[in-house]
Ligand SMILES: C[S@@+](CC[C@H](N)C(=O)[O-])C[C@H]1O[C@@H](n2cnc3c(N)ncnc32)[C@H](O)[C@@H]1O
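As a starting point, one isolated chain is supplied in structure tokens, in the form predicted on its own.
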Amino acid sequence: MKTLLVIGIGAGNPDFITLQAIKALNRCDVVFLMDKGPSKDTLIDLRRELCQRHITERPYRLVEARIPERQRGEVDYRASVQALNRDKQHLFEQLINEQLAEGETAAFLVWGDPALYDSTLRILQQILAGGAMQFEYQVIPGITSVQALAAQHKVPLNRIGRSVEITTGRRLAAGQASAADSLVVMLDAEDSFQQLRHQGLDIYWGAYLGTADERLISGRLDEVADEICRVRREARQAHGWIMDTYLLRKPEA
């Protein structure tokens, strides 16, 4: 039987990887590296570094593959994501079929945690449901950007007895976020926090968390929103990509 390990590698800092993840890496015969293109070479470089640093108990091989891109522009978002995941499924099936022998173990290295805004688990479940191939898989959790954000700003995510919601910039822009006491926003490409000005909110924002390029800004949203927009724009131009997360909430009385 083939075995797959879906390993959360943390939000960017090589030290975020857990002992459980290191042990899992040392079980691997193959590590699949999903390439997102030249603009995101640093993401795949980190994965290589983690393998070189931590896989010490056995020989292994790296297999790189280019991830399909999601169709953007004036398209239905949900339909475009479903199409992307179908393309990824075909790619994963090819990798498992052609690059992994019976009895071998392979790893998918997932940024952050496999259970939060990542489709790897859904895709593997779809492959198994299709019945064309069989394998076992295990999930190793990782430190998310949400946890890293709170740690870097030295704030708790929740208040005593209050709720926390994790949502996306797309939903925030569409007015679909709830009235949770603490609201964590991920995947915001359009600076959607600007729609919540003049509501007395505080924001704790961070990009490239845990890396040498980390950027942190916090304060009253009305006062720092323009600065965040400027820093995001400059960082994206400098690096070709940006991963950022932020926490919104009203100040305590």
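From a predicted model like this one, the values you see are computed outputs, not experimental measurements. Residue indices: 1-based, along the sequence shown.
The same protein also has a form predicted in complex with the ligand, omitted here; what follows describes it.
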For the chain seen here without its partner, which of 22-30, 182-190, 60-68, 218-226 has a heavy atom within 4.5 Å of the ligand in the model of the complex? 182-190
Would Val231 count as touching the ligand in the model of the complex under a 4.5 Å heavy atom rule? no
4.5 Å heavy atom contact, Thr120 to the ligand in the model of the complex: no
Taking the shortest heavy atom distance, is Leu91 within 4.5 Å of the ligand in the model of the complex? no
Ala11 within 4.5 Å of the ligand in the model of the complex, heavy atoms: yes
In sequence order, which positions of 216-249 have a non-hydrogen atom within 4.5 Å of the ligand in the model of the complex? Met243, Asp244, Thr245
